[in-house]
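One chain comes next, on its own, written out as structure tokens in the form predicted alone.
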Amino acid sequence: MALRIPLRAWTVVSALVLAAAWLTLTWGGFVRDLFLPPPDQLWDAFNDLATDGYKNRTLWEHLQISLWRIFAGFVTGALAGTFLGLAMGYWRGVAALASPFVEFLRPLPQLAYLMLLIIWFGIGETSKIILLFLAALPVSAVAARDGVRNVPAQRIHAARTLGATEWQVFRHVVLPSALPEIFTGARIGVGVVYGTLIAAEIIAGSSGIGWMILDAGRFLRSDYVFVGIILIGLMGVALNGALVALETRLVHWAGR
């Protein structure tokens, strides 16, 4: 009988291998601290940032600023994109009107029009939030549109045969059936928004975790840079986990 190793054990093993390689390279003197700081140096850097902050702002203020930008841009963009995508999938006239805009915006690199937004709205919060809004909108719209189009026609015909109105068909058949793809689009969208935010803070920011990484890099503080990168990764995992938990609660029938 073959021995079955739990999947979580493989996860633990991979993490341990990565940690062992990190310790070997840094504490063994194979890599300079400038290029890859050892764990104890990163811990000291984190304590410095948590205690003294960075450039007149605490570490938590930088994190809160970034999270607020993500929340404001992603939520508004995802909601607008979802409503637009549902309408595009259900009514062909809306799809004919909105598809050129969505398909043009979707593959366009977000930073390509950041400078234009700065010219229009300045270098403050407005331009960043609009940028994140435009990053989330097409991803959510395409996911919602495809979710509606992939609803089995038999479900819609059965509801209409039982006397359901168009609104009842949409509310009780189309929308629940499209929810799994809508949440998949939201998870992809939050990743796009997250990466766009960090780039926007680097290019046109004076606060936030992305700006902190750039500014620390200018002074060769690689320990601060690594702390910022780790925090960004943990924030991303937490945001994705929150969406997965919400999806599990609201779309518990998906995949069954």
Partner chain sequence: MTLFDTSASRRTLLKASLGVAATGVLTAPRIARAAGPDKINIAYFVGTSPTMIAKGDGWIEELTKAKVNWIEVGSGAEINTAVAAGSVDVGIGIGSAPTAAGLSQGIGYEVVSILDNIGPAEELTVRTSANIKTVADLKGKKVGTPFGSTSHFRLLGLLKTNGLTQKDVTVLDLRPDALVAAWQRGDIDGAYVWAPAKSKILAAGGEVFRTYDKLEAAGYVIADLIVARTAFTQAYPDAVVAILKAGNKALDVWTKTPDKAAELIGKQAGVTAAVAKEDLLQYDFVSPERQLQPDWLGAPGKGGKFAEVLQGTAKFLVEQKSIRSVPELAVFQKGINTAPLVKSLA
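These figures come from a predicted structure and were not determined experimentally. Positions refer to the first chain, counted from 1.
There is also a form predicted together with its partner chain; it is not shown, and the following applies to it.
Using a 4.5 Å cutoff between non-hydrogen atoms, W120 counts as a contact of its partner chain in the model of the complex. Although the partner is absent here, G53 lies within 4.5 Å of its partner chain in the model of the complex, judged by heavy atoms. In the model of the complex, its partner chain stays beyond 4.5 Å of every heavy atom belonging to L108. Mapping the unseen interface onto this chain, D40 falls outside it, with no heavy atom inside 4.5 Å of its partner chain in the model of the complex.
Of the candidate stretches 226-234, 62-70, 189-197, 211-219, only 211-219 has residues with heavy atoms within 4.5 Å of its partner chain in the model of the complex.
Looking at 27-59, the residues that come within 4.5 Å of its partner chain in the model of the complex, counting any heavy atom, are F30, V31, R32, D33, L34, F35, Q41, D48, D52, G53, Y54, K55, N56.
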